[in-house]
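Read the single chain below, which is given as structure tokens and is the form predicted on its own.
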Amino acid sequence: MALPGFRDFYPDDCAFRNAIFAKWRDVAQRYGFVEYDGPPLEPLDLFTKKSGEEIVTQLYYFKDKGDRDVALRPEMTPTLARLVTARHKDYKKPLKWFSIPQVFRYERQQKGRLREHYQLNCDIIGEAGLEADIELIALVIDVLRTFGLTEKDFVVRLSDRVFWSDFMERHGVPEEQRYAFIQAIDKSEREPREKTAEKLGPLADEVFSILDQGGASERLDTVETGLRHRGLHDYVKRDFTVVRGLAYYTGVVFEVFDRTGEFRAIAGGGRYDTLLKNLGGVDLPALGFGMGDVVLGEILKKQSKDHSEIRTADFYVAIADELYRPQAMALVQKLRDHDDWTDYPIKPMKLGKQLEAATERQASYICIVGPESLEGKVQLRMASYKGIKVVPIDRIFDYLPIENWTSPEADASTS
């Protein structure tokens, strides 16, 4: 049994997971992002520098045999910052990088949240202009659209941390109270309004007015206009309750939710222009988002948008008699060298059972290796009907694909 919060992936689960990964990669690469990765184990202080000592309670951490404090990565941004700091001069800006790491957090399990998950991370490093924000939000929209989800299924809720920073500055909120102020807004949808009002103090009424009626932001105007030019405006909604609770966000932020509100956030991100510098790295503007596989998977399964497929065999090589196993093995290798998915009976088996196995594997073609193999030939048949061709093994691919086949009656003859 797997540990609490961890998953086993049987073949059908792996097929589902890999289908998600394939679409993540396809859309990210379509947008010009390139893939990177890093180690799952990092120095503990890489994460505490970013999120503070309180993050330790949410980590799997320990001392390694070198007496170093290390932790399994709970997210990818600190690793990205370390990589960019080390070799940013080797790459032209902006960097458009993505990764699909498995990340780990020791926290309470609940619907849509486990103690491990896979996550698509897409980041743009070295571009301060809002066109980068538009590009990133368009990417997250297109990632979900590629799974068949539409504007009726999900919404990207846009907000602006600068809007709230200016608000706190204008109203004289002390610096040491600003994080708590932002946290109160971040939790305002999940807590009773009276509790939020208590946290916000005399500014509560004005804050609630903004949350209920909206506010002015030139940055969001620009982003929304850019998405409208791409035909994606129906996927977004301005929502100042979204502030992304993490303190390091500095500009436009966003979270993606299903329209029904049944699930946790599908994705979230925004601009973090000072984070790399604060982590002791380079002073480069940056923005990014993360999308986990758990919530996305739940939504796809509920909507019966599986997209997964366990690959079926191209060929099944059946052996009419064990005398011909050497010839069969030579054919198996020939087919595999041709990049065809090929299976065969590992142990002796009656021919009827072998044909049943070929059907179970949904093989497209069946090769029956018998006496004719001594003359360099093999019986070739399509799984879709009974007709058989006896073809030269060294020319077997000349008889493929199926468009080259004639009627089943004609195929009953030998060649």
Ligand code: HAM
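Residue positions are given as counts along the sequence shown, with the first one as 1. Predicted, not measured: the structure shown is a model, and the values here were computed from it.
Heads up, the form predicted in complex with histidyl-adenosine monophosphate isn't pictured, but that's what we're talking about next.
Judged by heavy atoms within 4.5 Å of histidyl-adenosine monophosphate in the model of the complex, the contact stretch among the candidates 151 to 159, 311 to 319, 185 to 193, 119 to 127 is 119 to 127. For the marked spot (Thr77, Gly112 and Arg244), a heavy atom within 4.5 Å of histidyl-adenosine monophosphate in the model of the complex is present in each of the three residues.
A single residue from the set Leu276, Val253, Ile266, Val140 has any heavy atom within 4.5 angstroms of histidyl-adenosine monophosphate in the model of the complex; that residue is Ile266.
A heavy atom within 4.5 Å of histidyl-adenosine monophosphate in the model of the complex is found for one listed residue only; from Gly297, Pro94, Gly290, Pro285, this is Gly290. Interface residue remark: Tyr248 is counted as part of the site for histidyl-adenosine monophosphate in the model of the complex, having a heavy atom within 4.5 Å. Taking the partner from the other structure, histidyl-adenosine monophosphate in the model of the complex has no heavy atom within 4.5 Å of any heavy atom of Asp234. Taking the partner from the other structure, histidyl-adenosine monophosphate in the model of the complex has a heavy atom within 4.5 Å of a heavy atom of Arg105.
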